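The form predicted on its own is given below as one chain in structure tokens.
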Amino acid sequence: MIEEPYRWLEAISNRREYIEDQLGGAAPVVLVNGEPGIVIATKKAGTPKIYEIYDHLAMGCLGHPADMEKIRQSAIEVAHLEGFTRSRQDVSARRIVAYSLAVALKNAFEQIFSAPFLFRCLFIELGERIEKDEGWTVDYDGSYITTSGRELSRGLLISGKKEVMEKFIKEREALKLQEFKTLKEMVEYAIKLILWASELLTSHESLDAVINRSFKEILSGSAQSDFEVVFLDRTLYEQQSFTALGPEMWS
């Protein structure tokens, strides 16, 4: 009996290693905000990874497609229930992440006799003003971190590799707050973050160096030139702000 807690901890540790190994090949997802709104972007893949959740809410995720779909449906149900029983103003990222998604993910992660969720996401809330924007990094074990306001102009990133996320957080501190005035500026910055995170382990180039290089130079030197990019338009805050962008924005 006395060994049971240790066996449980060992099972949790093994489970975490398994999930990290499974997520290791996933492409990064990034977000950046500015005066026009919020851009979420990732590499183009067979399965979409950026979803509308509510008028001013979106989710960008990586992991197993079936698990992403389960979480997406759960988030949409919670958002619409909040909107129906309360009001549109009560539908917030905080309510969905902290009071619903995080609890469900933690419970699923600790059920060691059932399959875990292979999942990691960015949850995004567009504000009426840039100071009201929120970005949430949500992990498969239910842990989460929130970043808000102009701090998001430096960018927010999730990757299948933990070391890339840790490197990004460390190097992001050296970046100045950005003051994006146009959508194109935000799209180019977001794609720079994707390419830096995708090639970090082979190029070892610093984030600051990549950000300060010209966009054309970086894009021409990359094998990847097709992206999934979504814009949450601040001028449409009271309506449906979610808009998918085409390659004319970065080619």
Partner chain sequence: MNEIIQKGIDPLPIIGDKWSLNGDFISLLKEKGLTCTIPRVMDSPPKSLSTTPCIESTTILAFYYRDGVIVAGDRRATAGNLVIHERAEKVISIDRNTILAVAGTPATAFEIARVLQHSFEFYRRSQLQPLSVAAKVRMVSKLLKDNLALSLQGIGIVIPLLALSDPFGKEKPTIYFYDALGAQFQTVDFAVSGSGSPAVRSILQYINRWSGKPTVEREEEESIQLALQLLDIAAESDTATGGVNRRTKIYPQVKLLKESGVVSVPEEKLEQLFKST
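Remember, predicted model here, so these are calculated numbers, not experimental data. Positions refer to the first chain, counted from 1.
Beyond what is shown, the protein has a form predicted together with the partner chain; the following relates to that form.
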*Based on heavy atom distances of at most 4.5 Å to the partner chain in the predicted bound form, which listed stretch, 134-142, 154-162, 175-183, 98-106, is the contact stretch?*
98-106
*Which residue, 128, 77, 110, 166, has a heavy atom that falls within 4.5 Å of the partner chain in the predicted bound form?*
77
*Establish, in the predicted bound form, whether 204, 231 and 250 all lie within 4.5 Å of the partner chain, using non-hydrogen atoms for the distance.*
no
_When the contact criterion is heavy atoms within 4.5 Å, does residue 27 count as touching the partner chain in the predicted bound form?_
no
*At the 4.5 Å heavy atom threshold, is residue 54 in contact with the partner chain in the predicted bound form?*
yes
*Quick one: is residue 150 in contact with the partner chain in the predicted bound form, heavy atoms, 4.5 Å cut-off?*
no
*asked:* residue 89 versus the partner chain, in the predicted bound form: is there a non-hydrogen atom within 4.5 Å?
replied: no
